[in-house]
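Take a look at this single chain in structure tokens; it is the form predicted alone.
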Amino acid sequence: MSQNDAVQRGYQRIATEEAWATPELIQRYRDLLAGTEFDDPGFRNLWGFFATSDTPRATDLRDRIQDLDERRLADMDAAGIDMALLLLTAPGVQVFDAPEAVALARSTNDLLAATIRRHPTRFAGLAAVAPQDPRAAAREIERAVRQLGLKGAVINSHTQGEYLDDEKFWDIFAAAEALDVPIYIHPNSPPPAMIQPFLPRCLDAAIFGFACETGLHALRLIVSGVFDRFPKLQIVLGHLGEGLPFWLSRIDFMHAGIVRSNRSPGAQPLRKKPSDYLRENFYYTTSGMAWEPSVTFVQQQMGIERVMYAMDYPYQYVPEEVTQMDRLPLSPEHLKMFYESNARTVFKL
């Protein structure tokens, strides 16, 4: 693929949820798996496979996810992707104790920034942070954005069973809003309190559990009043919103009933309907969801300016999906928004 391809089509294709990992991180995951102190069934089921299995699926993913040069660029070229937004793979640094996680986030972000400097027209990235220490996470977002040129932060949903609607984490939101950068909430395996019914049929990860867990997280943020406190905050969800755009009417109806009846101290009146926040404070990527009916529905319901292309590389590397997305029923102007303009707006590329 050449620069002329993008010129001829009139836009670049930017993929906005592309995973990466360092050899150090993969080894640390193996070390956790070998021990008994971190006993999280979701982590063990996911990374017990991807970090240790000799099957082609696992070994191929390990090779691709750690490559930030020739192979990844060749895969992007084969798929017709001009630029990739790199996100540290789930669960990131969020499985370690706070001091280790803070240090690892910092060193990982330094490495990511160096990678982007090698390939400035092909890569951009989001900072990894350690919510285990919210103030340190807020400082790292500021450092990563101001000093390293990263475009926001990725948080891999819950952190050892804790969710960001707890006000102790809100320094992270304050930092993102002040810097005018988004937070990408990427899925994590459901925490121990949630995961047991998923495990017998291996439904805990991308097939279904990720969406359940991350959709829950987003709703917790809304109902907690995060966006009344931080009205300019922007959150990005992958996988076409983890199912939430398909539930807008029911969420609004049921939330209003809960509030009217004063049913729960955790669900107090909000300034807007939940669907308003989902339309005004969230962006959506198509990662792993390159299916025209779903993409078109989310564009119609959430706004054409709120939906961006992503592939979900390397977990779901399907080069031909770009050709499928090229055939979306969109005007040339809206196709450019989908592939390029929306991403440039929210991530300031």
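One-based numbering along the sequence shown. Fair warning: this is a prediction, and the values are worked out from it, not measured in the lab.
Omitted from view is the form predicted together with a small molecule, to which the following refers.
S.K.: Look at the stretches 251-259, 205-213, 121-129, 143-151 and give the one with heavy atoms within 4.5 Å of the small molecule in the model of the complex.
M.R.: Heavy-atom contact with the partner occurs in 205-213.
S.K.: Among the candidate residues I222, A137, I235, A90, which is the single one with a non-hydrogen atom no more than 4.5 Å from the small molecule in the model of the complex?
M.R.: Partner contact (heavy atom, 4.5 Å) among the options: A90.
S.K.: Counting non-hydrogen atoms within 4.5 angstroms of the small molecule in the model of the complex, say which of M302, A290, L32, L46 makes the cut.
M.R.: Filtering the options by heavy-atom distance leaves L46.
S.K.: Using a 4.5 Å heavy atom cut-off, are R57, H186 and D312 all in contact with the small molecule in the model of the complex?
M.R.: Yes: each residue has a heavy atom within 4.5 Å of the partner.
S.K.: Taking the small molecule as it sits in the model of the complex, is H239 near enough to touch it, meaning that at least one heavy atom pair lies within 4.5 angstroms?
M.R.: The answer is yes: H239 has a heavy atom within 4.5 Å of the small molecule.
S.K.: Report whether the minimum heavy atom distance between F282 and the small molecule in the model of the complex is within 4.5 Å.
M.R.: Although the small molecule is absent here, F282 would stay clear of it in the model of the complex, with no heavy atoms inside 4.5 Å.
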